[in-house]
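Shown next as structure tokens: one chain only, the form predicted alone.
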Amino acid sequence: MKFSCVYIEEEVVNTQRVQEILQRLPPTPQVTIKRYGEVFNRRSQNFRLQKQKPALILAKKHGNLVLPAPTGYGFNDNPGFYFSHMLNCVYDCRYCFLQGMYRSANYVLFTNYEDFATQLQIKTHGQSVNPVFYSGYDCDSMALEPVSHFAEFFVDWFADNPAATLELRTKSTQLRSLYNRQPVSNCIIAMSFTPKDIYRRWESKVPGIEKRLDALKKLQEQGWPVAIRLEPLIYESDFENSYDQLLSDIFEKIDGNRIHSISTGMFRMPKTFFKNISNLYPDELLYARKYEQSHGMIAQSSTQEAEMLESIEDMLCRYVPIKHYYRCA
């Protein structure tokens, strides 16, 4: 993967992990900085233009590294947390909230994995039941794996800490680090899908649906727990046909009786992020639709959402036991 530049915080420039990351990259200009915010939080940045030639920022994350997951986000009622080893995503999905959340399209990779692990340990031992930790909230968990070796480190950690569960949320086929090791029962690989028409229209740079399914099938056959995430659900007049075909394609390759879980999640976004993206892409019809607003969130009409959920849940009953399904709030 090529970057326009690599910015490196002074605090991590001489660490072994950063030096190993630099060795994996092609020759790229390097600039040492004091803190990543100097570059990432600068004013007058244009996310849309910067996305064409983003830079990589290698940094150390401070403070609270492991945070409570949003209510209703997870697949069970156990305590849920999320942690972000990276800010921004290598893909360019038009519906993604990140482009409205950040000024910069550059990628920030936090390299102090051991500090994350320390806080994961504290959260795990502070619970009466097994907690679940979600990766992929502010980035794609696996897309930068050939550079970051993020999953390689954290899957090892969770293998040694069976009282905690990890979900790696991804759209990537960069899964070699998982193929090359024994499956870990408390590490779930959750792959997101939308129908082909939405994928082609709004998921730039994302691997094709068939390639992702082949990758997920290989993991399932090796014994990894795999999950399906149908998100975001975006209303289209012919959504029933689109999702009927998508589910047929998915379960032609994935054993619905052996999946960990499958979920649906609606398209919704904070009002401020929505406005920022609308300004970035004034000609994007997705943001010109009529939406409802409630408690600072933008969403499709409740009628459309109810129609989609009822129809898609009826379809799912043909493929998976109902106990494997949940709605992501």
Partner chain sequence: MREANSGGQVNIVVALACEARPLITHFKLKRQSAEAGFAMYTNNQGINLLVSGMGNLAMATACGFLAGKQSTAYGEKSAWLNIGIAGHQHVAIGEILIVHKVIDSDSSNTYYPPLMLEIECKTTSLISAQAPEGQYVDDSAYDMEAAAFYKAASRFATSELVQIAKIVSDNRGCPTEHITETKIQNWISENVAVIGEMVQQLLQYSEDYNVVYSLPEEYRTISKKVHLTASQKTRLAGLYRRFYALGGSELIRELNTKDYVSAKSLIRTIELLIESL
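Keep in mind that this is a model prediction, so the values were computed, not measured. Numbering follows the first chain given and starts at 1.
What comes next is about the form predicted together with the partner chain, which does not appear here.
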Checklist entry - If contact means any heavy atom within 4.5 Å, which of 264 to 272, 300 to 308, 48 to 56, 65 to 73 contacts the partner chain in the predicted complex? => result 48 to 56
Checklist entry - Is C5 close enough to the partner chain in the predicted complex to count, meaning some heavy atom within 4.5 Å? => result yes
Next on the checklist: Would you classify Q293 as touching the partner chain in the predicted complex, given a 4.5 Å non-hydrogen atom cut-off?
Outcome noted: no
Item to check | 4.5 Å heavy atom contact, N279 and the partner chain in the predicted complex | outcome: yes
Checklist entry - Would N41 count as a contact of the partner chain in the predicted complex, using a 4.5 angstroms cut-off between non-hydrogen atoms? => result no
Checklist outcome for this item: Of the residues spanning 261 to 298, the ones with some heavy atom within 4.5 Å of the partner chain in the predicted complex are N279, L280, P282, D283, E284, L285, A288, R289, K290
